[in-house]
Structures are given as structure tokens and as C-alpha cells.
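One chain follows as C-alpha cells, the form predicted on its own.
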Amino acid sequence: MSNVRVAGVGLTPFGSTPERTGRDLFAEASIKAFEDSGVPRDDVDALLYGNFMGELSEHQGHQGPLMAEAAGIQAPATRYESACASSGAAVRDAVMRVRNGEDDVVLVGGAERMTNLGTAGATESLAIAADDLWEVRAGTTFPGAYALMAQAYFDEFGGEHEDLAHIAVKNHENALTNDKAQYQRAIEVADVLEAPQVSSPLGLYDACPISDGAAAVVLTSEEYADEHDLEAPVAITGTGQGGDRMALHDREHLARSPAAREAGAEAYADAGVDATDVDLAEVHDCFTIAEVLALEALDLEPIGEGITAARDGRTTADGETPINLSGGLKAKGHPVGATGASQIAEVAKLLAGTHPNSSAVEEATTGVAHNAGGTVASATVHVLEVVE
């Protein structure tokens, strides 16, 4: 199988741009990805595009060919929807298409337009990633669902809101130098603890923002990269996907993420690595508790100990395994359909030494991207490594 190289990446700034359409955002990200890669648009064999709520925010379905046009390519195009893991799922399929020799060059990415809906509209739209019959109709929103997961974790393993506050502080600190981040400002633990409560025990600063943005990644086969003398030192060497029951009340544990554990185990085995080889990771911290659950599912922290990882400095920029050096969803932002691909872009840049925070991980050779949908009913994990 061909080694899948990350030839180029492109990101828009994440933030509030309600006047911009999804096609406009993805066009910008694609331009940047092609410029970064040096790959001609005519060489693209396929577009795999992630988007979650286009029908609700823009009254637009059938987005694959629309986004191919926006990217300036003539190739078969498919839209992927897996809630917040939409473009993570697209990346997984892109990797497999290149590996099996079906394609030499794939443009993969995603975009989301959300802020034009307003806070109430975006919250209602996001809720359709939960079980409508048993959760949404009962009034459950994702802040409420993750609050239940946080309380279940505290009940089973201990911990307190202040532990979660350190995660938010860490990720805001990491975002200070990321010009693509929505929130490039520092916060203190006291800010998190004194913020308005959203759903106990979570407050305003425990949640990621509503965001607009897009991400695009040009993936190529190793043979194509060599033949065209591309500067593509980072490869996606492992891919995995997992699933869980949709509704929280149907799960055995609220304080575990079996879908992420399954995806991580598959990705590690695929790459021939284990958690001890991981130098850095971008994980799906839509809420602060989600970072804790991700670390434990990926075996980056023992079960029940991830809650203190940020507080004790193990996951800070100068810690043993820096987590979310981009700022994560918490501070960088979370345009849902773009998030999975943006994590790939951030990890690739960190490993290649071209990220604003690469100085924190100068010797890093292995990184992980963890993307989750809903309350982690779906998850993808990818391992990226420096290969030249």
C-alpha cells in the first residue's frame, strides 16, 4: 500500500463571519492548500468534503459538486456527514483511496457556516446530532449532555470544576500565537470558575464557540510525491474509526469513550505504534471534559487520571505530551464540518516545523488527530508521522 503524504494544507481563520458562505470559505481554504502543496488542480482525482448542517444554515444539500467548483477542480466529489466528525470520516476514506491505488491525489476537507443562525439557531441545529426521539425531544442539548458526562466522571473517578478550568486556560494559552484561532486571548482559572454556568458543572468557558471556517488538505501517494519532487515530509500512517450507541441512556458508561478507544486502537495498530510513541495530539475538546475522555480513550492518560493532566502540566506546551497546541476546539474554534480536517492540518504543520507552536515540539515525529461526532457516538483517529 502507498504511504499517504500530506502535500499541502489550507485553513481559513476560524471565527464569526456570518456574511460568508460555505463555498466562499472552502474556496479560500482550497486555494491555500494548493499553494502550499504545489499540486496542480488538474491532478486531483477526487474531492471528499465534510459538512454537517448545510441544509439548515444555507438551505443547501448536494454540496460535493458545489465545493469542487468552489475549489476549482473537475473531479468526482462526495459530501460526508458524521456530525462533528464529518471531515474526519472524509479524511479516513481519502487515506484508504490513496493507499489502495484508486487515487494518486485527493483534496479532502470541510467547511461550516454557523454564526448566521445565531446562538439559539446553531444550538438547535447542532442538537440533531443527538437522538431526536429520546434526547432532543426531551430538551437535551450538547452542553447538557456533556455536563451529564462530566458529572458521571466526577462521581466515578473524582475531580472538580477547577481541574477542567486548567484545560480551558491551557488551550487559550496555546491559541495566542495561532493566527487562525477564534480566541487569541489568555484566560485565568478564576475566569472559568466565575463564568456564567451553562449546565452544571460546566460553565461558559468550558464550551467551544460557535464558529465559521473551512479546512482543506491535499493528500498524495508516496509515488506521486516522489515523482513530482514535493516537499511532503509528513504522512498519515494510521487510520481508525469507532462507534457507540447514539443516546447516552443506552450506554454502559457515561464517563468513557469506547468509540474513540476503538478508533485509536485501530489507528495505532495500522501505523505500528502505540500511545507511548505519541509526541503530541489534537483532540476533540468541544467541552473541557471531552479532552479528558479523549486522553484516556487514546491511552495518553490512565483511566481516571486524565482529569489532572492539564492542572499538573502533563499536557501543557512544555509538558510530557502537549495536547491541542493549536488551541483546540475550545479556543481555535469549531466550525463543525471543518474540524477533523483542520486537526490533520495542525498536526502536519506541528510535525513539519511550520506551525507557530512547533518550537514546543521540535523533536516530535509522531502526532495524533482525534475527531468525534455528537457525544462520541462516532469517532475517527489518525496517526501522522515524519517520514523524511
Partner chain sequence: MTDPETGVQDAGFDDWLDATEEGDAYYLECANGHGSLPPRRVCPDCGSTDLEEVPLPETGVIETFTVTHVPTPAFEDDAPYATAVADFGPVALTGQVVGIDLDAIETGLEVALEITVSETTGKRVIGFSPV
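As the structure is a prediction and not an experimental result, all values here were calculated from the model. Numbering follows the first chain given and starts at 1.
The following text describes the form predicted in complex with the partner chain, which does not appear among the structures shown.
By the criterion of a heavy atom within 4.5 Å, P233 is excluded from the residues contacting the partner chain in the predicted complex. Using a 4.5 angstroms limit between non-hydrogen atoms, A147 touches the partner chain in the predicted complex.
Among heavy atoms of Q151, some come within 4.5 Å of the partner chain in the predicted complex. The closest heavy atom approach of T140 to the partner chain in the predicted complex falls within 4.5 Å.
Within 4.5 Å of the partner chain in the predicted complex, a heavy atom is found for none of R314, T354 and V387.
You can rule out all but one of 73 to 81, 180 to 188, 243 to 251, 305 to 313: in the predicted complex, only 243 to 251 has residues with a heavy atom within 4.5 Å of the partner chain. This chain is drawn without the partner chain; in the predicted complex, the residue among D270, E222, E135, D103 with a heavy atom within 4.5 Å of it is E135. Residues of 200 to 229 that come within 4.5 Å of the partner chain in the predicted complex, judged by any heavy atom, reduce to S200 alone.
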